[in-house]
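Just the one chain here, the form predicted on its own, laid out as structure tokens.
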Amino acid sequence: MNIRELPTREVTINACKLCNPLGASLVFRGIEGAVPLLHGSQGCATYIRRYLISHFKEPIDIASSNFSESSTIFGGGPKLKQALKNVIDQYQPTFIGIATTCLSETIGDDLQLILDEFNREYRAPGKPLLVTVSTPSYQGSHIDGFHDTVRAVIEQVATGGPKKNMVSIFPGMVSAADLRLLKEVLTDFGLDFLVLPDYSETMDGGMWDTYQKIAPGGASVDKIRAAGRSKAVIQLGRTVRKQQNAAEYLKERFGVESYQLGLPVGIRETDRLMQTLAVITGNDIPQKYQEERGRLIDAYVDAHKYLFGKKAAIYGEPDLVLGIAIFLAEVGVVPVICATGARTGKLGDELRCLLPELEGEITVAEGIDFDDIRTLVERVQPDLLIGNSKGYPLSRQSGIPLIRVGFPIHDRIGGQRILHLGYRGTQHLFDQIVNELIRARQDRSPIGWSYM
């Protein structure tokens, strides 16, 4: 495995990551009755709203403490307390998730002190649950903010007690369609469950007759409180660091049996999830998933000749990159570039462990931007790019087809409904990849052809 050490430079050219509190805001949107509140300037909330709305095509409110020049000098405590009062009065939430930004972190605002003062001053009935998380953008990426927030919610809300026949699962930053699939799988195994976060409805719901200030759906606070009583907990994501891992916290604090698996993309990783659920429940894998697996294997055989020996460049969130790389290796595609704007320190080690047969054929790069990715692509000339919409300029410039996955997808409809996980999601990605390679070959043919 070629682990690329990036040269030190003072600029980022077209970042391959987004800001830390964006991940926090998405997690809070996956909790029932919750409103995200950013402690910082209005511009931070506007930027994040723009990105989330463009991808999910749903309305989203993100409150802000609305820093001014005087707040930066004298502290943002009064602004935060006023913002909390405004949100409570206007939205009547049951939960407010408060994430910091670069500005409030830089001046050193003490959130706990401010909230203690707020709790003494504001004594109205029905006060919502307040949860805080530190998410300055100069420290980490959107995926760090995402995992840090899931852990913060569990640390501040979950309680212990007698074990329940319930499984908690932390799926990572996947699509709304992926979350619906995971809930379907857990239901089919006969489980009561917590999926945190669960924005499958809050960020991809149906039409409303009247405007809803807080979208219905999301993980219930009662289920989050009960997480410490789960019979087992599953963290999806091999690169999640221990200090960010909510499953590890439940294991250490409450003795919950913990499993850390990869994102279930491809047959091997989906098999691991299914087998783990079978062990936890003592139930057989439902027949419909065995049938989905069989159809997927048949598709692998049908289209293997179109894929074998092709090369792909993958970029995006580290665990999605890892999951897709493992899947591609299953079908004979070499993931020659595995790149992420995040810095986990684990992506290369996981690839080396899981794909030892490709030692020396994969370039792994963390903390990378799209200027670096362009350089790598020019060097190895892959047949396919796989990642979010931010890679479209590179695809257009190079003429290499782009398969859109992950977040954000701004230039197509349905980014929130792309299914990546399970045998079903793998089938969708497999067909899309094969057909895109066939299309590219067909378009380059001097005569064209319409039958295979």
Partner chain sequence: MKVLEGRKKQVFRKGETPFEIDCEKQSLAGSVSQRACVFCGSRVVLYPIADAVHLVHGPAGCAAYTWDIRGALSSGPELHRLSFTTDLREQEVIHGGESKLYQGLIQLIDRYHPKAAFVYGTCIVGVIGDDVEAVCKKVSALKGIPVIPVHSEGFKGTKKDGYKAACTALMRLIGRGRTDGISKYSVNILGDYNLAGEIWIIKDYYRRMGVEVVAGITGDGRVEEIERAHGAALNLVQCSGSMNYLAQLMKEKYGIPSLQVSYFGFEDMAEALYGVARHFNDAEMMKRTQELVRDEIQAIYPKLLEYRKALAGKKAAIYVGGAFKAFSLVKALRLLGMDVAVVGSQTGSKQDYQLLKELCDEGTIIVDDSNPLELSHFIREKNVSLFIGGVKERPIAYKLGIGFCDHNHERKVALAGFVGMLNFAEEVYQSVMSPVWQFIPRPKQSVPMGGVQDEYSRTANP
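Numbering follows the first chain given and starts at 1. Being a predicted model, the structure only gives us computed values, none of them experimental.
There is also a form predicted together with the partner chain; it is not shown, and the following applies to it.
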Among R379, K213, K305, R120, just one has a heavy atom within 4.5 Å of the partner chain in the model of the complex, namely K213
Partner-free chain; cross-checking the partner chain in the model of the complex, the single residue of L421, L26, I62, A34 with a heavy atom within 4.5 Å is I62
Notebook entry, point to check: Can any non-hydrogen atom of K390 be found within 4.5 angstroms of the partner chain in the model of the complex?
Noted result: yes
- Query: Might I107 be said to contact the partner chain in the model of the complex, defining contact as any heavy atom within 4.5 Å?
  - Reply: yes
| Does the partner chain come within 4.5 Å of any heavy atom of G190 in the model of the complex? | no
Check: Does the 4.5 Å heavy atom contact test between G126 and the partner chain in the model of the complex come out positive?
Finding: no
Assert contact_stretch over 229-237, 158-166, 202-210, 324-332 against the partner chain in the model of the complex, heavy atom within 4.5 Å, equals 202-210
Q.
Counting heavy atoms only and using a 4.5 Å cut-off, do R293, Y300 and A339 all touch the partner chain in the model of the complex?
A. no
Applying a 4.5 angstroms cut-off on non-hydrogen atoms, the residues of 11-48 near the partner chain in the model of the complex are V11, T12, I13, N14, A15, K17, L18, C19, L22, S41, Q42, G43, T46, Y47, I48
